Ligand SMILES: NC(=O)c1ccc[n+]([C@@H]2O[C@H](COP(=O)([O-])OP(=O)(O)OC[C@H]3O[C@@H](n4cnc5c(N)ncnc54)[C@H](OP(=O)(O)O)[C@@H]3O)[C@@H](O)[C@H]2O)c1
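There is one chain below, alone, in structure tokens, taken in the form predicted alone.
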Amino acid sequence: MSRIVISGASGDLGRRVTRLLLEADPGIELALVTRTPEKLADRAAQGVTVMKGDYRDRESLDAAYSGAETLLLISGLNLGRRISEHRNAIAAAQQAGIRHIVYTSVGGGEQPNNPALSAKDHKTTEQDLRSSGIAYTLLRNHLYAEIVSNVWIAPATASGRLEMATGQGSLAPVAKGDVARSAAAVLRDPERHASGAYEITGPELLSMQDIVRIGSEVHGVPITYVPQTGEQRLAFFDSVGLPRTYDPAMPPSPDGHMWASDELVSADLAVAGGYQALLTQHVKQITGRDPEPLRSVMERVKSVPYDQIDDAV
């Protein structure tokens, strides 16, 4: 197997995919690219190639991608910067002679009129990949089940209310482990998945009422779903000091993400509008195993802070 580059390798998904690839083939040739190489000191100590590469620094990517044939392009975090950052990565891949790019897109992002602000970024990158001349695979990852469990439900156990602007929408949350397994499987045999566009979903299409019912049963406390308008959610985020509009100059959070309430609320409204109401068998088709249900994920991680969930949980 030729050299595989994992770009964005120090994040949670990159670490999971790295582990899976090394477990399947300890001799696999990997290049782990990150803007923070110190976070991958453990892999460097094991002899895995770790290189500095920043999506905002095209020259760093030219060097990091050199000599590889397959690139896992883990999407950038920041709304408004993703498009230019991903274009740098695609141009560097062209310069390096990379033959296949596997891109982590967003679930339902290709649908016309999807209100989610992040979906617009991802849709543009998908179009850029199609016109790049490089073979590609699109992994449209749906909302992480761990977010539903520990960002939505766990905090709601205190008040007994889950307040969201998701209307009566439905979604199929997917476990982080299934996202990683899907990516690793495609990287091991990219030609088989050339031009594929996969919706990476969990095994169940769940309403908001289903989600709070599962949460109530797992946590042993009653939780009620209380639909809110987009303006009500924006007002809540205003009250806790979150900026309403994304500004590329705003300081990043500790995880490197620049959150603004317009992005968060637009994601809620995409659920309300049915843009996340998709259920596929793509995880099983790619990996050969059924994806993990939300209840199982919730039971497994319910007592772990979201930012401490990793591939050991």
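Since the structure is predicted, the reported quantities are computational estimates derived from the model, not experimental observations. Numbers follow the displayed sequence, beginning with 1.
We do not show the form predicted in complex with this ligand, though everything after this point is about it.
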* Asked: Using 4.5 Å between non-hydrogen atoms, is N88 touching this ligand in the predicted bound form?
  -> no
* Look up in the predicted bound form whether I74 has a non-hydrogen atom within 4.5 angstroms of this ligand, and give yes or no. => yes
* Although this ligand is absent from this view, report whether T166 comes within 4.5 Å of it in the predicted bound form, heavy atoms only. => no
* Using a 4.5 Å heavy atom cut-off, state whether R244 contacts this ligand in the predicted bound form. => no
* To do: Would you confirm whether the three residues G11, K39 and I147 all fall within 4.5 Å of this ligand in the predicted bound form, going by non-hydrogen atoms?
  => yes
* Asked: Can you pick the stretch from 181 to 189, 135 to 143, 156 to 164, 216 to 224 whose heavy atoms fall within 4.5 Å of this ligand in the predicted bound form?
  -> 135 to 143
* **Partner-contacting position among K120, R82, R99, R233 - heavy atom within 4.5 Å of this ligand in the predicted bound form** => R82
* Asked: Quick one: which residues from 168 to 182 get a non-hydrogen atom within 4.5 Å of this ligand in the predicted bound form?
  -> K176
